[in-house]
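For reference, the chain that follows is the form predicted on its own, supplied as structure tokens.
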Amino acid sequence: MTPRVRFAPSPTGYFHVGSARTSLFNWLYARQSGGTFILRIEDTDAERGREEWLAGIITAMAWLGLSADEGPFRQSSFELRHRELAEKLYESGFLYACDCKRDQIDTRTKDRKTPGYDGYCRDRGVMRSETTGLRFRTPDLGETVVRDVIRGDVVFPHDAMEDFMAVKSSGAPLFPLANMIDDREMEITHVIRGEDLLPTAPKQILMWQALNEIDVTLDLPAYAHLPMLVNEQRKKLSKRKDPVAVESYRDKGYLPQAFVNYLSLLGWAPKGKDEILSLEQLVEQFRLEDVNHAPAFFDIAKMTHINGEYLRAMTVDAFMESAKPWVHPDEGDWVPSDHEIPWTRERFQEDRWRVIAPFVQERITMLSEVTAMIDFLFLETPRFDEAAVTKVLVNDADAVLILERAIEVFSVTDFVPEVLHAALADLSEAMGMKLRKTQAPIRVALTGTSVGPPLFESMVILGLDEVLKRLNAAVVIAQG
């Protein structure tokens, strides 16, 4: 049978990097095996069914290029089928009514060695009502084996499993049952999901086997539980403490292809030493059985390095197009949230941007860094970094002299990078200083900061008049 996989996220307000990794591995497996990739939104929780959250999942996946072959489907649209099969399970004795409250269960089981529900209502013949849920009657003997492509066989003894709740008092099936029914209905062949859902697998297998007895007989899907993502303390990524929203990385200027490349390395490794792989190479090399079950470190520094490699490999035109949201977005374009472009549209000059772009491209690792690196070109006065001004202009006793001598030299020098560089090198030698020493106050005067694009190319773009104007203004600052 042709493989059929599904990605079934639950809306949480943003797209978690763990969900993105799960989506990617499902997508890669489908593409590598010639299978079908299905998007199914687990939206039965009304509090999580907000339209903007559903749209966020779809938008984030589209940004990553993970297009679904079928869907998006909403789990809520299958509720009638969920209830129908839940009723069959109840009528056949696989489910039974339970009216126990949580505090009652806790009181009864506080001294038990085996945690969980104690089966109190299993044989009491509790009548169904608006206050009763339905529990699955777990077999007393034997075990359920989850045959996992990544982890091998994982054994769950039945005497360590409780009679778990399968249906709410409202009649709506809970996640394990609804999720399993959807997998049956969609003929899913491989359930590829996070390690945190492994404990639900034996429950779903037991209910699947029960439905095989009373409904259509279907083969169990293969399971593959992906390794947990951890932070630098090797603790599970925290939604509150760790940066886990995919949207935030888009806003910072990570390229989708670089982000996907890095996600692929979280639990899986390509052949050879090269970790920079195109999507086509990932599809060609990816094998589900090669995924490691050990926790995967979500290393932002490594991801940022990979993003920088992708940026430098782009053509200049492609780089400029990718940087557009941080430089001069057109009306209606997507723009990163909470990112300010300090210059007006009228002051932006495309020709200046095109000249400086190749130098910026070589120096950044995220597109969000572009704005601060080029703002001096489009502002009437540069945005001064206070620390740089204090260190290089105010506290350096040589700053005024360097600036005044530079004004003299540049006023009579041909305004091309090579000549400007040679002129300042000669001035540095004459003053008994290193070139780096004389460059520092000039760079701060012109750009407002101590780092940025090449100094002499920047001077040419600004032009002689603007350079002299800013150098004179810096003399006043340095003099206090």
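Start at 1 and count along the sequence shown; that's the residue number. Model, not experiment: these values are computed from the prediction.
What comes next is about the form predicted in complex with a small molecule, which does not appear here.
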Requested in this report: Could you tell me which of 310-318, 172-180, 358-366, 99-107 sits within 4.5 Å of the small molecule in the model of the complex, going by non-hydrogen atoms?
Outcome: 172-180
Query raised in the report: Is residue 9 close to the small molecule in the model of the complex, meaning a heavy atom pair under 4.5 Å apart or at it?
Result: yes
Query raised in the report: So in the model of the complex, does any heavy atom of residue 265 sit within 4.5 Å of the small molecule?
Result: no
Query raised in the report: Hey, in the model of the complex, is residue 42 touching the small molecule, heavy atoms inside 4.5 Å?
Result: yes
**Report entry** Partner proximity in the model of the complex: residue 184 to the small molecule, non-hydrogen atom cutoff 4.5 Å
**Finding:** no
Query raised in the report: Heavy atom within 4.5 Å of the small molecule in the model of the complex: which of 135, 203, 82, 193?
Result: 193
Query raised in the report: From the list 145, 400, 197, 149, which entry has a heavy atom within 4.5 Å of the small molecule in the model of the complex?
Result: 197
